[in-house]
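Next up: just one chain, as C-alpha cells, the form predicted on its own.
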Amino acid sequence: MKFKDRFSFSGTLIILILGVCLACPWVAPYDPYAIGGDIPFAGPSKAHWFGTDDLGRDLLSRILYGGRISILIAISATLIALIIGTLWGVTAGVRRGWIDEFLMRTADAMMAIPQILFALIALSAVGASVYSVPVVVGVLLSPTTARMARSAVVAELNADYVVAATASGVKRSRLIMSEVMPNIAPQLLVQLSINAAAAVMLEATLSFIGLGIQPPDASWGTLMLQGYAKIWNTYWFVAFPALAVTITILAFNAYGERIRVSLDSRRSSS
C-alpha cells in the first residue's frame, strides 16, 4: 500500500480526531464538569467557541471529553469485533465442511437481527456502562467481520501459490500463519475502518435513547440526548455533538473506501 494511500485526507482527519479527543485533558479550554462557570445557553463566542450548555459548562470541552469516551468505546468494540470475527471467519474458511456451515449460518442468524434491537436486549440484560457497551457493540460487529475474513481466507487458500506450496509438502498451518494471514491483513484493515464507523454510530444511538453511557459520564450520544431535550433553548447544544459524530463516521468510511479502491486497483494491475 502506497504512502499516499495510508495518509489520505480521511486518514489525517481520523488521526486529528483521535489525537484531540484522547488528549482532551491538555487541549480542552475549560473543566467540562464545572457547573455555573458562565451563562447557561450562551451562544458561540470567543470565550466559548461552541457555546455553553444548560448549566453554563463549556460545550467544546464537554464534546472533547465526550469524544474521548466515544472514541475509546469505538476502538475497544472494533478490536473485540476484529479478534472474534477473524478467529470465527478463519476457522470457518480453513476447516470447511459442517464446521464452516454451522459458523456461517450462526453469523447469518445474528446478522438477520437488527443491531440496535440486539443491543437494546443485551444492554437491558447486563446493564449499560463504559465496560458493557463496547463488549456488546463488538459482539454485534463480529459476524460481518467473520464473513469478510472467511471469504478472504477461502480466496487465498484457492490461490496457485497455496496449491503449489501444499503440493511441495509445506504444512497448512505454517502457510496460513506466514502467507495467508499477512495477505488478508489489508482487507481486515478495510473492515476495521468500517467497524469503527459502525461502532461510533451504535454507541451514539444507544446513548441517545438512554441505554448507552450514563451520567455523570458523557459521550457524544449522551450530549445529543441532553441537547435534544433543550433544543427549544439552543440548537448548538445538539448540533455540535451531532456534527462530531457525523464527521467521524464519514472519515472512517472514507478511509475504508480509499483502502478498498487501492486494493482493487492493485489487483487489477497485477
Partner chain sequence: MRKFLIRRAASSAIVLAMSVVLVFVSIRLLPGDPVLAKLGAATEVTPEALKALREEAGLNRPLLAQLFSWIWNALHGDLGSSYHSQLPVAQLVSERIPVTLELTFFIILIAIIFALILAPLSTHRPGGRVDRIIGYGTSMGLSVPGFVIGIILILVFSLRLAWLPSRGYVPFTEDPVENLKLMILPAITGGLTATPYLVRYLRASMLEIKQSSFVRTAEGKGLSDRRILFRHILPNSLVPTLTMLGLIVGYTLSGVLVIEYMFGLPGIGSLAIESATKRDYAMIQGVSLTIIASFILTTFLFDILCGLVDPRLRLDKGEKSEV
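Residue numbers count along the first chain shown, from 1. All values derive from a computational prediction rather than experimental measurement.
Not pictured, yet referred to below: the form predicted together with its partner chain.
K.L.:
Which of these stretches, 123-131, 176-184, 148-156, 69-77, has heavy atoms within 4.5 Å of its partner chain in the model of the complex?
P.N.:
Contact criterion met by 123-131 only.
K.L.:
Going by heavy atom distances of 4.5 angstroms or less, which of V94, A165, V190, I116 would be at the interface with its partner chain in the model of the complex?
P.N.:
Of the listed residues, the single hit is I116.
K.L.:
So its partner chain isn't shown here. In the model of the complex, which residue out of A109, V170, I99, I83 has a non-hydrogen atom within 4.5 Å of it?
P.N.:
Looking at A109, V170, I99, I83 one by one, just A109 meets the 4.5 Å heavy-atom criterion.
K.L.:
Going by a heavy atom distance of 4.5 Å, is W26 a contact of its partner chain in the model of the complex?
P.N.:
W26 lies outside the contact set for its partner chain.
K.L.:
Do L59 and its partner chain come within 4.5 Å of each other in the model of the complex, heavy atoms counted?
P.N.:
No, L59 stays farther than 4.5 Å from its partner chain in the model of the complex.
K.L.:
So in the model of the complex, is its partner chain close enough to N253 to count as touching (4.5 Å, heavy atoms)?
P.N.:
The answer is yes: N253 has a heavy atom within 4.5 Å of its partner chain.
K.L.:
Considering only heavy atoms, tell me if M224 and its partner chain come within 4.5 Å of each other in the model of the complex.
P.N.:
Judged by the heavy-atom cut-off of 4.5 Å, M224 is in contact with its partner chain in the model of the complex.
K.L.:
Counting only heavy atoms, which residues in 217-237 are within 4.5 Å of its partner chain in the model of the complex?
P.N.:
M224, L225, Y228, I231, W232, Y235, in sequence order.
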